Every structure is written in structure tokens, then in C-alpha cells.
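Encoded as C-alpha cells, the following chain is the form predicted alone, with no partner shown.
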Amino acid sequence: MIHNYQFNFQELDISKNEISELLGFNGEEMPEPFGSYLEEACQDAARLCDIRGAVYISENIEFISNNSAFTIDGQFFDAGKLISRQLKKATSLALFICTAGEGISKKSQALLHGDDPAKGYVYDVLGSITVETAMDKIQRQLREELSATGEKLTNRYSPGYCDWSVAHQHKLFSFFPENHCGISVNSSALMHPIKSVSGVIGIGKEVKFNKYHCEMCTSETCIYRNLRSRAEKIF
């Protein structure tokens, strides 16, 4: 069964201070024109964002003995040892997709590749934090729904991280109707709209919510390193 979610931008209650920190102004007053850019972007976001998500939960799961892979409804996922070990005590797995929508993605890309890349960067960061905050909200709602049964959630893990091949996006999206939530995957396994996320969450009475192992990631420019540190404070 697929659980669907939809939010407007205001429901996410994203702090401008959080966005400021992600833009690199840690504890500092944002200099102009960035302050004006952020005000404009936040006003535009209410119009541009189409925030939707979906979760598919299955109890038909199996973990492979070498602890580097698992199956969901017979579909094989080689997510690597790091992720699989975080999930191995789960009794069910939740696959998720979520997007901030095409509008904010198009706007940020047009500005980044146009005559105002600085403003484009502000829109780009806002789009990233919007989709991650939406997934935080979905994860909180899912946790609250399961709390009556004593079940807990792991952190969330996405293809493309920690040795999990991004090519598995095609397998993950096969659990959802085509273009569900307005998200598609191209031949290179990249999602459209750009400001979209997908992945897996473990569910069970014995699972733990562990911090991300960002120190093991080879990416030096990953905005999600800061976004995920923020999420760990929430949960």
C-alpha cells in the first residue's frame, strides 16, 4: 500500500536562519544582496513549490547473509554493507519518494545558468532544504503512526550514497506508479524534478536511529551533509 503526502511551503515552517547557515553565513548577518534574494525566494516558494511525497511499506523483506544486500517483495537491492547493517533488524522496509516540485527546480536552474547565478544559488539551496524538510515531516508522521505498535524507524538512506548505486533508482521507482508525485527517473537514474529525494527507511521494534556516517563519504561539496546533521537534531 502506498501512503501519499502533500504540503504547502508554509506548513514546513523553514527557518531563514537555517537557510542562511546552509548558504555559508554561519551566525552572521546575511550581507546584501543575499538577504533580499532570500526574501524573494521564500515568497516565490509558496507559488513555485509543489511538495509531494509517497511511502511504500513492505513486510516481505529478506536480508542477504553477507549483510550487504536485501530484497523487498523479491526485488534485489545491493545497498552495501554500511546501509544494510543499519537496516538489518527491521521487520519491514519503507521505500520513499519526495519532491519540492518542478517550479523551484526550473527557477533555480534558470538563474544559475543565466545572468544571476548568486540568486540561483539561493533558490537552489532553498529547493534542497524544502524537499529534505518535507521528508523530515513525512518521517515524523510515519513515526507517530507506528508508535502505538512499539515500532521505531531508522534514519533514511538514498541510492547514490554509501556505495549504494544510483542505478537502483529504477528498481526503487518500480514500486510506485509511473510519474507518481510528478517524479520521473531518466536513463541515467537521475530524478526529475531535480529537487527530489528517494530511498529506504527501516521499521521495527529493534531498529535504531543512528547518525549518518558522513565522515566516510567522499563528496566534499555535499549540501546534504549539513541538512542531515540538522535532521539528526530533529529526530
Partner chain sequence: MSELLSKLAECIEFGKINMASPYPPQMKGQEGADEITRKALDEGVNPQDILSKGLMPGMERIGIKFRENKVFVPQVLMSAKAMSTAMLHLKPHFLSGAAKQKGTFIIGTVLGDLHDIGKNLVGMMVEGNGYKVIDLGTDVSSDKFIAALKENPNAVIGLSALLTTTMVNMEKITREIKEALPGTLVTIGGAPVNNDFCMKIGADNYSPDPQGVVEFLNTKIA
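Numbering follows the first chain given and starts at 1. Between two forms, the rigid core is defined as the largest C-alpha subset superposing within 1.5 Å. Remember, predicted model here, so these are calculated numbers, not experimental data.
What comes next is about the form predicted together with its partner chain, which does not appear here.
All of 11, 14 and 144 with a heavy atom within 4.5 Å of its partner chain in the predicted complex
Not a single residue of the candidate spot has a heavy atom within 4.5 Å of its partner chain in the predicted complex.
Residue 124 within 4.5 Å of its partner chain in the predicted complex, heavy atoms
The answer is yes: residue 124 has a heavy atom within 4.5 Å of its partner chain.
At the 4.5 Å heavy atom threshold, is residue 109 in contact with its partner chain in the predicted complex?
Yes, residue 109 is a contact residue.
Mark residue 34 yes when one of its heavy atoms lies within 4.5 Å of a heavy atom of its partner chain in the predicted complex, and no otherwise.
Yes, contact at 4.5 Å.
With the partner left out here, check for me: in the predicted complex, does some heavy atom of residue 171 sit within 4.5 Å of its partner chain?
No, residue 171 is distant from the partner.
Can you work out which of 57, 167, 64, 42 has a heavy atom no more than 4.5 Å from its partner chain in the predicted complex?
None of the other options qualify; the answer is 167.
Please name which of the stretches 83-91, 113-121, 132-140, 70-78 has residues with heavy atoms lying within 4.5 Å of its partner chain in the predicted complex.
Flagged stretch: 113-121.
Heavy atom within 4.5 Å of its partner chain in the predicted complex: which residues of 175-197 qualify?
Residues within 4.5 Å: 186, 188, 189, 190, 192, 194.
Can we say the CA of residue 115 moves by at least 2 Å between the shown form and the other one when the core is superposed?
True for residue 115: a C-alpha shift of 2 Å or more.
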